[in-house]
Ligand code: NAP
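Only one chain is shown below, in structure tokens, and it's the form predicted on its own.
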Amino acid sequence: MKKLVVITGAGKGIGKALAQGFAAEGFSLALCSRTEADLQQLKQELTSAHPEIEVYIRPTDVSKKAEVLAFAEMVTEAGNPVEVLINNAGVFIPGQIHQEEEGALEKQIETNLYSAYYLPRALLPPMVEAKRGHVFNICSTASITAYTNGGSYCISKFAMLGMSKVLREEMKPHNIRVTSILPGATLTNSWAGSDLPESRFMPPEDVAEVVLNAYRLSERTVVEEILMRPQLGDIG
């Protein structure tokens, strides 16, 4: 039975690149995204390229606790031991705290933070029992740098990094590694319509490769945080 990699927000961008990268390494995958069509297309691509792996999918709005737990139940019922859990799903709503749209904080906290809290709570117990596994939390440079028009997004990402640090401490005795990834401007849908050249963004495949390299290290070693930026710096 192949070990399982669980990825949220897998339909596009970094999540899709992560799925492709781990599939190429021979892992089975459990993937969720809001859009079923994206998941179905990705599953077809992955199973065609790697017929030896299994791909489980479930359309999921991770801002809703019940849907996150339903996805976790699907993962558990698959029966494959979870080797890697990647909390990647996120949403960015630009704005400033004093004038951003009503509900922006709640939506971004629910999507960017709560989903990354509920899913490990559901999936970690068997990993703790087996004393193996790796959790990656896809944070952001906004987790460490406040910027104008970041508003509640920065708040949610600061909180996510804090949660990741806490989880790292809690999992030390159980031999489970926890890594926070802090990417800067990456070519994803968040930047759609920006009219900026692709050369100013990191490709999502670079983020995926960094995750894979961190996972490949000996179990005696954990990379706690990885900060990534475009060569010319972040886009303001």
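None of the values given here were measured: they were computed from a predicted structure. Numbering starts at 1 and runs along the sequence shown.
Not on display, but discussed next: the form predicted in complex with this ligand.
S.K.: Do residue 65 and this ligand share at least one heavy atom pair within 4.5 Å in the predicted bound form?
M.R.: No.
S.K.: Residue 199: heavy atom within 4.5 Å of this ligand in the predicted bound form?
M.R.: It does not: once this ligand is placed as it appears in the predicted bound form, residue 199 has no heavy atom within 4.5 Å of it.
S.K.: Using a 4.5 angstroms cut-off on non-hydrogen atoms, would residue 180 count as touching this ligand in the predicted bound form?
M.R.: Judged by the heavy-atom cut-off of 4.5 Å, residue 180 is well away from this ligand in the predicted bound form.
S.K.: With the partner left out of view, is residue 188 within 4.5 angstroms of this ligand in the predicted bound form by any non-hydrogen atom?
M.R.: Because a heavy atom of residue 188 falls inside 4.5 Å of this ligand in the predicted bound form, the answer is yes.
S.K.: Within 4.5 angstroms, counting heavy atoms, which one of the listed stretches 161 to 169, 81 to 89, 95 to 103, 125 to 133 is next to this ligand in the predicted bound form?
M.R.: Of the stretches listed, the one contacting the partner is 81 to 89.
S.K.: Sequence order please: the residues of 114 to 142 with a heavy atom within 4.5 Å of this ligand in the predicted bound form.
M.R.: In sequence order, 138, 139, 140 come within 4.5 Å of the partner.
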